[in-house]
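Just the one chain here, laid out as structure tokens, in the form predicted on its own.
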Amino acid sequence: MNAPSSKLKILLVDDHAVVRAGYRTLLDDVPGLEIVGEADNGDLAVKMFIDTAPDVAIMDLSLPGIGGLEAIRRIVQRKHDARILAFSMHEDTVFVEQALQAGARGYITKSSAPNVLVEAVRQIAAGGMYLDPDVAQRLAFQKTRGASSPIAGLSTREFEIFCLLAEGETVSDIARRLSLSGKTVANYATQIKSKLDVSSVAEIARLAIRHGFVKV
């Protein structure tokens, strides 16, 4: 009778097939790790997490469909001890705080060295937390200075809708993507404008571009 596998099961979530292939090549060479599934959008990520029960999910934040933050939130709602590593191109500390608030156990950027990804996966699988050292340093420095982005006061849901509005999505588009009613999204949009002291979606877009949340 074969002994049960002691390998850590990994789920890869990124909308770029080439990026997932790079993850797979890297992680396949690491003893004790096994890729059990891949997903290219937020909705599929939730389904694959439930189906494959990975030890760690490596999750991009910029995903089609419900997006990475909402996918993390939904997974954690279903499985409170889910271990998710956010792996994103975004280096702004607001994204880090939002990912952790949604339920991620760690955050590293795509500019991190390969060994950082492996270390993060192992640490999170063992029940710990992991922040990219550069990200952790920026967070600590920001808190020491008492500095805060105007976006920091948004909830996870508000932040995701803020980003979608800034990218030019309409209320009805966002409602379909997030499986919400148009009225609910419109209410969120009103709350976001109030919190950010802006009066239009155009001002939201300008604010997002100025702080680097949306690329032009």
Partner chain sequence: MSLLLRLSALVVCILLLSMAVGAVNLVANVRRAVSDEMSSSLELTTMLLQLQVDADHGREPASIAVWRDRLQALRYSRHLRLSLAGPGHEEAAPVPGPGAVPGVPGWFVRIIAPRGPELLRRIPLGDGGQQVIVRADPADEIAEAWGETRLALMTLAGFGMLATALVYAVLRRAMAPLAALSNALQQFEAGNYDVRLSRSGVPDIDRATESFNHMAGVLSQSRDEMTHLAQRSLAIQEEERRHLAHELHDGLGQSISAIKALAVSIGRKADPRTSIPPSAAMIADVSSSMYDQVRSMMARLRPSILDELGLVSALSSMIDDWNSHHEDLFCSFEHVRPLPDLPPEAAINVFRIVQEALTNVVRHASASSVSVRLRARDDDGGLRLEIEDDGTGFDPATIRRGLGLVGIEERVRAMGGSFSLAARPGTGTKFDIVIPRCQALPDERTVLETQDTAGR
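Throughout, rigid core stands for the largest set of C-alpha atoms superposing within 1.5 Å between the two forms. Note that the structure is predicted; figures quoted are calculated from it, not measured. Numbering follows the first chain given and starts at 1.
Keep in mind that the form predicted together with the partner chain is not shown, yet the notes after this line are about it.
Site annotation in the predicted complex: the residue of Val94, Leu139, Leu131, Leu100 reaching within 4.5 Å of the partner chain with a heavy atom is Val94.
Contact with the partner chain in the predicted complex, defined as a heavy atom within 4.5 Å, is made by none of Gln77, His80 and Ser199. Although the partner is absent here, Lys195 lies within 4.5 Å of the partner chain in the predicted complex, judged by heavy atoms. Remark: Tyr188 counts among the residues lining the partner chain in the predicted complex, judged by a heavy atom distance of 4.5 Å or less. Among residues of the shown chain, Ser62 is one whose heavy atoms approach the partner chain to within 4.5 Å in the predicted complex. Under a 4.5 angstroms non-hydrogen atom cutoff, the partner chain in the predicted complex has Leu26 among its neighbouring residues. Of the stretches 154-162, 34-42, 50-58, 167-175, only 154-162 has residues with a heavy atom within 4.5 Å of the partner chain in the predicted complex. In the predicted complex, Leu180, Ser181, Lys183, Thr184, Asn187, Tyr188 are the residues of 163-189 with at least one heavy atom within 4.5 Å of the partner chain, listed from first to last. Shown in the overlay between the shown form and the other one, fitted on the rigid core, is a CA shift at Glu160 of 2 Å or greater. With a change of no less than 3 Å, the CA-CA distance between Asn41 and Lys193 is larger in the predicted complex than in the form shown. The Cα-Cα distance between Arg157 and Glu91 is shortened by 3 Å or more in the predicted complex relative to the form shown here.
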